[in-house]
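Here you get one chain, nothing else, as structure tokens; it is the form predicted on its own.
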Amino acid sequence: MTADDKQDESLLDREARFWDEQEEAIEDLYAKPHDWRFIPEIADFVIKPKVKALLRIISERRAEVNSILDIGCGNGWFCHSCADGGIKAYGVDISPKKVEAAKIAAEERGVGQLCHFMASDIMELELPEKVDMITAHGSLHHLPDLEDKLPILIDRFLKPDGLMLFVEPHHEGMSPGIQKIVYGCASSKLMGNWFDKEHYLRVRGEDGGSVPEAAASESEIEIPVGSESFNLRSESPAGLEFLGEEPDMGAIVQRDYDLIEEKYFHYMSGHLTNAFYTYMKPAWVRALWRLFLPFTIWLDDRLCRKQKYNQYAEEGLWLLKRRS
């Protein structure tokens, strides 16, 4: 094993522990959300355009797709959705706790016979068959040496005429226009008093590292593991390792493969929801934002169809096939 291999192995170990600890603390994270993704009733609205696109693609390609492999399956939501349509779904994740949760959810949903979940490093995984589609939802960009490893994974797991469906981070941070709105409101005399700056700074790790004991269970979930402590509201170890250096997923996936479809999501809806809901103290402000949210998502979805907006979209979707 080379030095680089050992470094990757150490990072994977820390990555697995992070997601295990997050799964164990998931109820606390939902109880005091730090991101719109941890507010189910809000998240269902925000991700609706993406879920709609994913289900449409699967439906349109159903005759071609009888089996999938979901890399970094997490709680197994995409595997479960595919299994609802009769597709055999293999899910792999580095976190045994996430895999355990995915298995339980599959049984509760009645799709346990079609879902097969494994806790493994994707590079060490063995499947009993090649699949019709390989998919990943926010996991590939954390894979070290992605440009070299992706072709290996495709050759190992995908049938010759198979498809690839990837949804990955596309842009870190807000566009200049959205930044101006959010930071302007947060620093204003009126709305600045409504913004939960203390919680925001704790999440970002900018509070000097001191969290009052009485507030720890409410505002910060920090779990010691061995000699290190993970901030479960922050990036995972792999995310921190490559923060600010996320690969250009669009360029990578199109380098060796033919593009069938490309879409983008979340130009402003996620950022504005965090600003005007997640970190807002007054209940009436949050209630007002919930009324405004459907229009924001409708507008967001249409803005992301234009290049000048989708260049700042948080996520990109790419449907691909091998180059003919």
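When you see a residue number, it is the position in the sequence shown, counting from 1. These numbers come from a predicted model, not from an experiment.
Beyond what is shown, the protein has a form predicted in complex with a small molecule; the following relates to that form.
Put simply, Glu15 is close to the small molecule in the predicted bound form: some heavy atom of it is within 4.5 Å. Interface residue remark: Gly74 is counted as part of the site for the small molecule in the predicted bound form, having a heavy atom within 4.5 Å.
Contact annotation for Tyr312: none of its heavy atoms lies within 4.5 Å of the small molecule in the predicted bound form.
Contact check for Ser120: a heavy atom falls within 4.5 Å of the small molecule in the predicted bound form. Of the candidate stretches 181-189, 196-204, 126-134, 87-95, only 87-95 has residues with heavy atoms within 4.5 Å of the small molecule in the predicted bound form.
Only one of the listed residues (His142, His80, His170, Arg233) places a non-hydrogen atom within 4.5 angstroms of the small molecule in the predicted bound form, and that residue is His142.
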